[in-house]
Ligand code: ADP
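Take a look at this single chain in structure tokens; it is the form predicted alone.
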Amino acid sequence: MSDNSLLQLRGVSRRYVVGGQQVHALRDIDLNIRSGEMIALVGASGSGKSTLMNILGCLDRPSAGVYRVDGRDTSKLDPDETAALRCAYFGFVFQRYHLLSQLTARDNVEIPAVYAGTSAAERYARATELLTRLGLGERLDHLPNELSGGQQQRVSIARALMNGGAVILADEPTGALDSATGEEMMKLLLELNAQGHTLIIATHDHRVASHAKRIIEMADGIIVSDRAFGHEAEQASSKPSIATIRSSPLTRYGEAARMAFLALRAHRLRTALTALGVIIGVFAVIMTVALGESAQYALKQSLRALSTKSFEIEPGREIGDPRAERVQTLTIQDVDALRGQYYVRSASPTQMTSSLLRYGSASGLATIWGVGESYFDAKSLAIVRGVAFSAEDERRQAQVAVIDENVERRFFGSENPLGKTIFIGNLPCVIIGVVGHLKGRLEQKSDNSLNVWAPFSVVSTRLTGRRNLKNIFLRLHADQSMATAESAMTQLLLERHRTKDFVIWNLDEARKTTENVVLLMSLVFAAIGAISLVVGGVGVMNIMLVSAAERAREIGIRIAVGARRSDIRDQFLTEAVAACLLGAAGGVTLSVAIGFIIAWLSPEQFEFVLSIRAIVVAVACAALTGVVAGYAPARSAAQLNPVEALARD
């Protein structure tokens, strides 16, 4: 035989380790195959013909020896170069057809061209032309289970020819067909050989082998005979008719996404189980972040009442003193002394009691606050109608009052309350002002509570009969140091009281501490959601690993028709990301639905708002989860041995 053979083997051996012992499937095979030949490999099961076919088709590598394809030493090719060689030169026709169940006949035929980088329009037209030529023009969009055995084998042949099929490797091509269909299939293969395709058939059927012009008989991994029949004219060299130009990353990932969508649609239950864990994780992330941010917002609304540079002084020896309620040493004189300090902008005494409000036939229990004239400024309470009482009102014990909007709404409706007289217990007071809505304020115990402010001198003498204070609230000038002022106040009160019977609260520090606590809680909530998402990711990984094992045959088919490892990895990775994004969409939908319910049921002072940032972050995390969780299964799928993969059911 000439030394310009298309396929050439020199000293090729293939050994396997089975049960700790070496098994020789091939032993020192020397073989030349010229372009255009039709060869039958015959022999009993276990003779080595299938192993030889796998090596010829670059699905397997020799343990020893050299195998060249068109002069290229396959042992020196990396996996991607081997895949390109397989894609360009070889077409496989399998006994069991090996069609992908989720793809139509035309889609199955197009697969080799996808991995060759052929444009969508070109491969569509070529697949249609091949199937029509093989008598399947009316079955282009049918799934494999809608085709007969002979029709499926024709689809397999069309797929083998998609990239040119310079060498067609047919492993028992008629083994699963009846006699009549088998004869028809052989005629088709003979026609392909007559057109210049190199045809290598592995068979144990001597009737099939009789059609070949060269019969190679094998036994125990060696060639026992190699017989040619008739004169062999040198065929025109059958080079690949379609160049294997690798597509751009965008096109490649687009095809991977399409394949992933088809695979996810074909395995709906597995897709749903994969997405379920992500749905729960995304829901947990969005809801926990939303709860944390809503709590932060509610707290900020409550803390808005606390001006910057502010302090609150309460009775008691220390924070949490159980005797604090019985300590009655804070007095109005302490307030006057503090007002005279250079660092104090405003200071107000505070008393609090409850009393029945009456106006006409309406009545209700309200919280009565006895405060100084600077209280509203110090607490940043906005007077939306009328005015606050003055120092003169406090000095002369004027029976005036400022009400909140709840009192206005409940007692006066649309009527203007200013100038009206309301009874606090039996004490008549003229309403001179209305404080804006107190949603979330510390003064308010519930959204419907009633609040009234009156001069401290009036409340202490006419309502409570007490001169001692519940607390003192004061605010510093903006340029004063909090630490210096706190030290000075402590020294002043110690001198006045001769003992430490008061507690000074730095409200700025308290506010910052509370905000930090809420922030920490938000982070904890987010971490819990993230853990849920991680658990969902582990579920995705497990299901994808199972999927890779279950779909080993599909992976083997894709590798056989020219897929690179990166193509397999990209597809499985894309499937994982797509499943996670599907889960993310479900999680977002569920979060929005539950969020509306929570917002509807929540009290007005707690405003539940779904964070767009949380949704974006959750979806991004879901995609990242798909990448991380899908990488190991995708890599595992890409590393599968195609021979072993094709042998699995």
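So that there is no doubt, residue numbering starts at 1 and follows the sequence shown. Quick caveat: nothing in here was measured; it's all calculated off a predicted structure.
In what follows, reference is made to the form predicted in complex with the ligand, a form of this protein that is not presented.
The ligand in the model of the complex comes within 4.5 Å of a heavy atom belonging to Gly48. In the model of the complex, the ligand sits within 4.5 Å of a heavy atom of Ala44. Although the partner is absent here, Ala25 sits close enough that one of its heavy atoms falls within 4.5 Å of the ligand in the model of the complex. In summary, the region of this chain contacting the ligand in the model of the complex, judged by heavy atoms within 4.5 Å and restricted to 64-72, 50-58, 30-38, 586-594, corresponds to 50-58.
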